[in-house]
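As a starting point, one isolated chain is supplied in structure tokens, in the form predicted alone.
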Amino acid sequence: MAIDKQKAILFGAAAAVRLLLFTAFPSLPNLLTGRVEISTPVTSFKRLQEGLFLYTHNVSPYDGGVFHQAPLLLPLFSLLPNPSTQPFATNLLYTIVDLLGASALMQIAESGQSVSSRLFTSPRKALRWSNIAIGASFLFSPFTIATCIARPTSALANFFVLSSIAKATQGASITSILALAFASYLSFHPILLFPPLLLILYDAYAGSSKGPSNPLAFSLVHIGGLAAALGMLLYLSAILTGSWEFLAATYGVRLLLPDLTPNVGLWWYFFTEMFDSFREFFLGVFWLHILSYVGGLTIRLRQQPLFVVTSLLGIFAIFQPYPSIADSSLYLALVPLYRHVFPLMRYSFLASSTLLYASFLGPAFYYLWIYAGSGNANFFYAITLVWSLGLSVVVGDSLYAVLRDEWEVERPEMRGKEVRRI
């Protein structure tokens, strides 16, 4: 009962903060919507409004090449009042999405998968934060609040990712696969989370009274379920738009990067400066680079599939084509689940300092480039490199800490001793 009361207070305070910001600063959502750190060409709320305008006037939302988001978002947002005149309904929707995402995150923490999976139990499992603390770190993160106020569609994708992970830890295959299908439908890259999520589901089934099933049959059934769910969503989208042109306008944009609007990622500047004759080659290289992490991490960290999901989300926040602070907030929300390995991390101060440094200087450098005219694109790209460096340090250092934790289980006599690579 006490925890339920604490949860109610936490959610009430988080909702109050968001609604207060929406109400007290009515121009703030439009200001943040225009920030490249939060909104990208494939998640921007302004672009969603343009697509919605075309949709409500019986024109293809993809005419003009501005709208690059999933078609099924259009009927959802068409049910809401016009946010420019009556924003409360839209603001409330995004607030509820954040609260539901926090609830899913707290379910993940409650499952204990981060400290004790079917195949591995950390010797430091007693060192962990409460579900309330982990939910609060997500709800009151400045990145999460800024994302909610700016209202990008990435907030919806983050909710479905967290829901998929939460249901996987509970062994709820159908809802986990459906949530992953919705997340992949909205943002494309979450489909790469399927292998570690499948391992979480398999471990949940193998550890239950139902007993382990045939791994191959289990995999094929879930692959078929994910394909069927995605196929249904795409088919409904084709019915809604009257054609299949949305595939090129949504997922084609993410794959081929035709829109080089600046963002906090690494792709835009690289492909701006590249000769067209090399473009296809490096697109393949960049995508293969992201794909290469999935198999390697899944195989090496088979005993801790939840950490594989966490690490992949960090990698996506760095290396996907159109990242934003919404992706970083999702990754940083899952990192506190591994409180037990924090003492093993070596560069916590460096990582936190780098992220704070980039967070404050990023908007300043963008202002110098775009508005003051006293800088150029190198100013902003340099600070995005620093931001990516900070996230990379967190991903790499947490990976080292988890591997060291596993190694100390295998070699308990080495616990607390310094290890050097020879």
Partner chain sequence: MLSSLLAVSLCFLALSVRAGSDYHERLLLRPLPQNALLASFNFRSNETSSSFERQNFRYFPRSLGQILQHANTKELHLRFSLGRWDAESWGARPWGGAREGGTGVELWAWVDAESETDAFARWLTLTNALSGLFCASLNFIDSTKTIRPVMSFEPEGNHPNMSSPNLHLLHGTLPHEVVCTENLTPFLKLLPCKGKAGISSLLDGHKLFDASWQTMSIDVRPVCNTDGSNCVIEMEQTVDMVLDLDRSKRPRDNPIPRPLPIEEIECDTSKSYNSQDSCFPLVKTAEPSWSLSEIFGRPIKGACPITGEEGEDGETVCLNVPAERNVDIKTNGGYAEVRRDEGLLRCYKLPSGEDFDITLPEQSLPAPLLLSKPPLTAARSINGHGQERGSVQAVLNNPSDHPVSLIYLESLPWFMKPYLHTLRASIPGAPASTNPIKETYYRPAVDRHRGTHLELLLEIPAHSSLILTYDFEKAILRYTEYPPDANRGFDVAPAVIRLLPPDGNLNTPLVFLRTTSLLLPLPTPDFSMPYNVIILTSTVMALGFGNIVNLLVRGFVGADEIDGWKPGGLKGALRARFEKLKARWFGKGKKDE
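Residue numbers count along the first chain shown, from 1. Keep in mind the model is a prediction, meaning the values are calculated, not measured.
Another form exists, predicted in complex with its partner chain; not displayed. Remarks below refer to it.
Note on the partner interface in the predicted bound form: the residue among 214, 243, 78, 292 having a heavy atom within 4.5 angstroms of its partner chain is 292. Residue in contact with its partner chain in the predicted bound form (any heavy atom within 4.5 Å), chosen from 297, 162, 351, 155: 297. The stretch from 274-282, 197-205, 216-224, 95-103 that comes within 4.5 Å of its partner chain in the predicted bound form, counting heavy atoms only, is 274-282.
Against its partner chain in the predicted bound form, the set 143, 231 and 251 makes no contact: no member has a heavy atom within 4.5 Å. Of the heavy atoms in residue 262, some are within 4.5 Å of its partner chain in the predicted bound form. Although the partner is absent here, residue 188 is not a contact residue: none of its heavy atoms lies within 4.5 angstroms of its partner chain in the predicted bound form. Shown alone here, residue 366 lies within 4.5 Å of its partner chain in the predicted bound form, counting heavy atoms only. Taking the partner from the other structure, its partner chain in the predicted bound form has a heavy atom within 4.5 Å of a heavy atom of residue 414. Contacts between 385-404 and its partner chain, taken as any heavy atom within 4.5 Å in the predicted bound form, involve 385, 388, 389, 392, 395, 396, 399, 400, 403, 404.
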